[in-house]
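Only one chain is included here, represented as structure tokens and corresponding to the form predicted alone.
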């Protein structure tokens, strides 16, 4: 089946939208705060440039050459006798599993847009009580906003590559960048900016340990939206003669730039009002609302802009999580786009309800297995197992299964011989080793 094509700018914004998600604006600042700031950020940046860049090129290459869904692209590019590699294409199912809790978090963000418009909590303790109340007893509220998230995500994807995904990213990504940049320039005017800059970019190596390095490497991979088939599926719709290296570097620059800007502005706000950087996952939903309250009317405006930006980031990532499975159903089962989107959408919506119930006081005991409830297990399995496995599969496929001459020919217009040699060494040796170490260490931390 013929796939509609992105424009090159549309692809860049869609791929950046996939990469720029809650991992950048929510997760990156709080894990940087937990692991000491500067040293962690430096490890993260090196990982993005070495491992993230090499795997992104590999994932783009598979989609760009395959021109099909994930399974179809692996099957088409597999040499004779190695057809089993088509099963690596089922990594697209990982995105659907991520959506079973990601959509719930987007629902929380929608809720906090309303909170910003009404009454912000006046203290950290009040904000903490309000957030825990939402999780433990606000089943109806969460279900309402989860339903809104489901409707928003599926209504975009059902319109297709040009009319839905490209169109929404062409609108939301510039607005997201404008909001984050504007808040950053306001943060520049505050006295605490210099302290935030020092925390983010002056490494204190005594604060870094092996666990922090593993987390930095794992997060760099996660935040680029690799290993789940999203970039692969988008790349199947790239225009011919696209320079994959240049496009990859632009996407990585946008993704990393927004993460760094978000970290700087959030830490500036926290330091300016006496809050600490190591606030954990509650930084955005507990610490920041209380800080925004302290700013008065300006804080209400900033809170509204921040949560709108966070909602945009969540939505642009969410559509990329759904699209691989939708494209698979279209290509392999001859579904219409409407039927494919509704089928995949209903899956994450229904399982997402289980994720909501898992955090509630009424059902948490029944939905807790071992050390985690259902919500946390879905997060752990996708981030610590499925994403690294997906990235590892792509690195091995491009580095060892596809003929080197075919890979080099595909990248001839994107990098010179020396650049290709360096990248090929990274995809064959550095990326697989790093991904194995990250996966084994994350599993060993349990």
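Residue numbers count along the first chain shown, from 1. Note that the structure is a prediction, hence the values are computed from the model and not measured.
As for the form predicted together with a small molecule, it is not shown, yet the points below apply to it.
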query: Contact of residue 235 with the small molecule in the model of the complex (heavy atom, 4.5 Å); finding: no
query: Touches the small molecule in the model of the complex: residue 19 (any heavy atom, 4.5 Å); finding: yes
query: Contact test in the model of the complex: residue 269 vs the small molecule, heavy atoms, 4.5 Å; finding: no
query: Non-hydrogen atom contact residue 258 with the small molecule in the model of the complex at 4.5 angstroms; finding: no
query: The small molecule in the model of the complex reached by all of 24, 222 and 228, non-hydrogen atom within 4.5 Å; finding: yes
query: Residue among 341, 317, 287, 248 with a heavy atom within 4.5 Å of the small molecule in the model of the complex; finding: 317
query: Heavy atom within 4.5 Å of the small molecule in the model of the complex - the one residue of 321, 216, 358, 180 that qualifies; finding: 321
query: Per-stretch contact check against the small molecule in the model of the complex, the hit in 326 to 334, 181 to 189, 154 to 162, 94 to 102 (non-hydrogen atom, 4.5 angstroms); finding: 94 to 102
